Each structure stands twice: as structure tokens, then as C-alpha cells.
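Form predicted alone, single chain, as C-alpha cells, below.
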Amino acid sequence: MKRGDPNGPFLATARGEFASRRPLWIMRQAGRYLPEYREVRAKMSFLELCKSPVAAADVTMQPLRRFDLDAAILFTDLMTPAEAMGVGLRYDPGPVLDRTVDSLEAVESMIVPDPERDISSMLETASLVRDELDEQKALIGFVGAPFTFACYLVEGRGSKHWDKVRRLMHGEPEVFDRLLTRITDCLEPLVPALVRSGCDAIQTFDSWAGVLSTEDYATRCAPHTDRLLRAAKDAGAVAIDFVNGVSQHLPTMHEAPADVLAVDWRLPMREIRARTDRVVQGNLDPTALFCDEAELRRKVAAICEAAGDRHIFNLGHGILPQVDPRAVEVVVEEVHR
């Protein structure tokens, strides 16, 4: 399998080594802000696109054709493995599950997938992208962190506060703990399968960890994410731990078996750097892309200066559909200045 050059900007920086330039990529960089992506989506649903390796590989490469980014991230969704786990899934526009998983019986009924058999379209997409991708560019695969995955399974769809899953955590701790263990059992085999298919790095997405207290995250949730991060490293890939809600969780993240700590925008980069010497990724506020050009350049430069060399530039969460692609050009120019 073709691999990314370990001395390329992204992989070198992720491992704490010297890089020729500061690398950057953008969470959700293949998405609705690009007109070419909207053209594809006009012809097929989101789930159809995720299941179509040729189309998904093309969409993955779209932002790399426009911008001088240092990594591609596989086009899929953190919940797409749910179907292979025996839970029906549709998108409206976010994930909607056909049943909730909030009892021991429902947890035990979840199937542990064979990635090569049950999630093969994702793996084929990774192989196609890696074949096309320049060796100086890394390919990032990803999985949902078990807590965030559980949020959707318990609630059935998106939520503002994720009250139901937190009630389960406190009111039925045995069910909650068993659910996170089962999710981790289901996702862990996918991690090395993605690496074998060409992914140079694996990022765990804990998009909703910000609703958790420091103690609950550290004792109940982070240990399951750590299993997935270790699986990535054991497979020879860079492991990236993204937590949306870094303000209260940075001490726990600092102890994670990850190469890179990916952080949101809520803490200034200077404070993050003062609290950890690990390689960090982030942390421009996604809405800063709506600033005028001079202010956007100032914000980007300030993050780079505060972060130092052990830094991969990114947003603190996914890019918004309303962003003008020119704003991304400005960010790329400023980071690579």
C-alpha cells in the first residue's frame, strides 16, 4: 500500500520532528462550502455518497485540488459504521437512527462489524484516495469517540444538550459503561483496517465532550477513546485526539496516548501552549472565516506565533457551509507565509 512520506510536513510535525513548513488542513474541508461538492450532492444523498467509493474519493480530493493543504481527510461520517452495527441510519440532514440503544438488551444486540466485509466502501475510498494523493500529503481517517457515538445512539438524533445520554450515565451507569465498551469493541477493528487501506493518521472525534464534567470525561469516557488511539499507534499511524470542549478536559487529554492533541477555539492558543508541550492542532474559531481579510490574517498569525513549531494549523471545529472559499485561500496563504 502506498503511504505518505513520513518526512512530509504533516507527518513530521505530528511526530514532533522538524518539518519544512507548518502543516494545515481543515476539519470538514470536503463539504458544502465548495460548489463542486454541491454539484455532486445534487445527484446523490449524503449516505449514497459515503457508500460510493469512487465518488467519495473524488470529493475527498476536491479541497486538495483547490488549496495547498497538507492532508486529506477521508470523506465519510463518524456514524456511518452504525449500519454495520445493526442500527439503521439516515441523514436529515444530520444522522437519525431508526432505534435508540439505551438498555442492556439493546446494547448486547449490537453487532461487532468485520470492517473488510461490512464497511468495505470506506476502506475502498481510502485506498483510492491514497493512490491519487501526493506522497507529501497525509491521508487522515477517523472514527467517532465512543462518548460522541453514544450520544447519537441514545438520543436517536442530534441534541443541544445531550440530556438523555447524561441521564443514562448517572441513572443507569452499568448500561452506559457497557454501551461505551460495546461501541469501542465495534470501532477498534476499523482503526487498523483504515491504516491498512492507506490512512497515515487516525483522528478520534469527541464532538460533544464539552457537555461532560472533568471527572465524568476523565473516568467514564476518555479511557474508551484511549483504546482507539492506542489501536491507531499500534497499527503504525499517527493518533490525533480531538475534543470539542478542551477548556475543562485539557489535563485529561494531556495524558492520552495520542501524538497530537486537537483543540477547539474556546481557549487562546497561548494558554493551551502554556498548559501542554504536546503537538497541538487547531484552533481558529470557524466563524473567524467571516472576518475581513486583514483581521483574518491577524488571527491566523497570532495562533501560529503562540503555538510555536509543534503545531498543525486547523479550525477548532468543522468549516461552515456559508464560508466563501476565498477565506480558506487567505488562511492557507497566511499559514504558509
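The first residue of the shown sequence is 1; numbering continues from there. Since we're looking at a predicted model, the values are computed, not measured.
From this point on, the text means the form predicted in complex with another copy of the chain, which you will not see here.
The candidate site formed by His170, Pro268 and Lys299 is fully in contact with another copy of the chain in the model of the complex, as each residue has a non-hydrogen atom within 4.5 angstroms of it. The stretch among 203 to 211, 182 to 190, 117 to 125, 102 to 110 whose residues place heavy atoms within 4.5 Å of another copy of the chain in the model of the complex is 203 to 211.
Heavy atoms of Gly156 never reach within 4.5 Å of another copy of the chain in the model of the complex, leaving it off the interface. Put simply, Gln322 is close to another copy of the chain in the model of the complex: some heavy atom of it is within 4.5 Å. Contact annotation for Thr287: at least one heavy atom lies within 4.5 Å of another copy of the chain in the model of the complex. Using a 4.5 angstroms threshold between heavy atoms, Arg166 counts as touching another copy of the chain in the model of the complex. Checked against another copy of the chain in the model of the complex, the residues Cys304, Val40, Met61, Cys291 give one hit for a heavy atom within 4.5 Å, which is Cys291.
Proximity to another copy of the chain in the model of the complex, taken as a non-hydrogen atom within 4.5 angstroms, holds for one residue of Glu132, Asp234, Asp216, Glu135, which is Asp216.
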